[in-house]
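Subsequent text provides structure tokens for two forms of one protein chain, presented individually as structure 1 and structure 2.
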Structure 1
């Protein structure tokens, strides 16, 4: 069974109309197509990197797979469970740490934040302290756990977001550009943690959105290149590069330059 399976998923964000357009075309629904018929399969225990430029649809796909947004068309499955029909079951298997995490309480300590989110996830009080300590130790924030969140560096905040995602011990972890805006050392620490600790040591599946070629090349088992809402190429680094015959950068640049089909009015 695949960890993740996506079949013909499409997502269109409706455009905001002006008064004139509302009067002249009240029933026409135009919008921005974020995803166009996405098909993907991710095997368990993989580090799967979704690569693409800004605005390619990476975050939208992660939000759909994390049950935060519904697709307009198509189906998605998490460990065989229908994302729309079995949402509660899907949520038992996933954790997500999205970019620019702003939902932490900045005046609370790291421990207090995790205790709050553990309560939201219905983790029993009898198990909560042990679980929080486990994830704090796992991400290496033992010394900072008692400090206020607003004193944390960007890298520490990213690791805290991952710690929060791990509170429910998910099988699948979604991360959206986790190394963006980090210094080289902090970025490498997070990359190593995701591949070595999460995938290799704990057998989890990591679905990792990035636009960093070297990051994907070094840490991904499988890479999918997305541009204009479509998957343009997919495979291991060796298969994508013809067993190393040409650079990944060349593959990436060629893929993202391929034009997408012409957009149509949504709902027509």
Structure 2
């Protein structure tokens, strides 16, 4: 069974309307098309990189797969469970960390934050301390954990978000640009952790959004190139680069510019 399966998923965000516009045109639907007919399959134990330029739809796809955004069309499955119908079951298997992590209580310490989210994730009090310690060690925040969250640097917040995602021991981890604000050493640590520790040692599936080509090239089993809400190319680094005949950068740039391989049903 696939870890993640996405079938013809389309997302159009409606334009935000004020009261007045809402009254005048209640049924008008203009908006931003973020995803158009996405099809994807990710096998378990894969390090899957979703690579694409700004506004390509990476975050949108991750949010849809983490049950936070509802698609307009199409279906998606996590370990065979329908995202819309079996949301509770889906939540048991996933963890997620977004790129821009402000989603903590800033007046609480890192430990207090993790304690709160651990409780919400059914981790009993008797096991909580050990688990929190474990994830804090994993991301190397031992020193900062007792400090208030508002004193953290951007990179530390991002690490904390990854620590939180790991609390539940998820089989599938969604990470959205996990190395965006990290220094080179911290970034490399996270990359190695995701690939070696999570994927290779523990057999987890990592779904990783990035716009860093070398990151994807070095760490992904499979790369999908997304642009304008469509998957433009997909495969292992070797197959994408024709067994290394062209540099990945060239392949990426070509894929991003190219119209979609086949015109999907949805379009405008």
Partner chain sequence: MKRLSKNRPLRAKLLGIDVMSVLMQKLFAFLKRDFLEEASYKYSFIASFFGIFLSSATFFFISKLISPNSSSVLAPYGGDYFSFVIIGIAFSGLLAIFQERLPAIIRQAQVTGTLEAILVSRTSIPVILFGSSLYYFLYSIASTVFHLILAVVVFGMQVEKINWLGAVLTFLLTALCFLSIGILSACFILVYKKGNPFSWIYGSVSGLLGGVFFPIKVLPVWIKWISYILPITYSLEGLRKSIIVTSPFSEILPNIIALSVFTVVFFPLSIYLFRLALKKAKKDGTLTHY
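It should be emphasised that the depicted structure is a prediction, and the values quoted were computed from it without experimental measurement. Under this definition, the rigid core comprises the largest set of C-alpha atoms superposing within 1.5 Å between the forms. Positions refer to the first chain, counted from 1.
The form predicted in complex with the partner chain corresponds to structure 2; structure 1 is the other form.
After superposing the rigid core, the C-alpha of residue 137 moves by 2 Å or more between structures 1 and 2.
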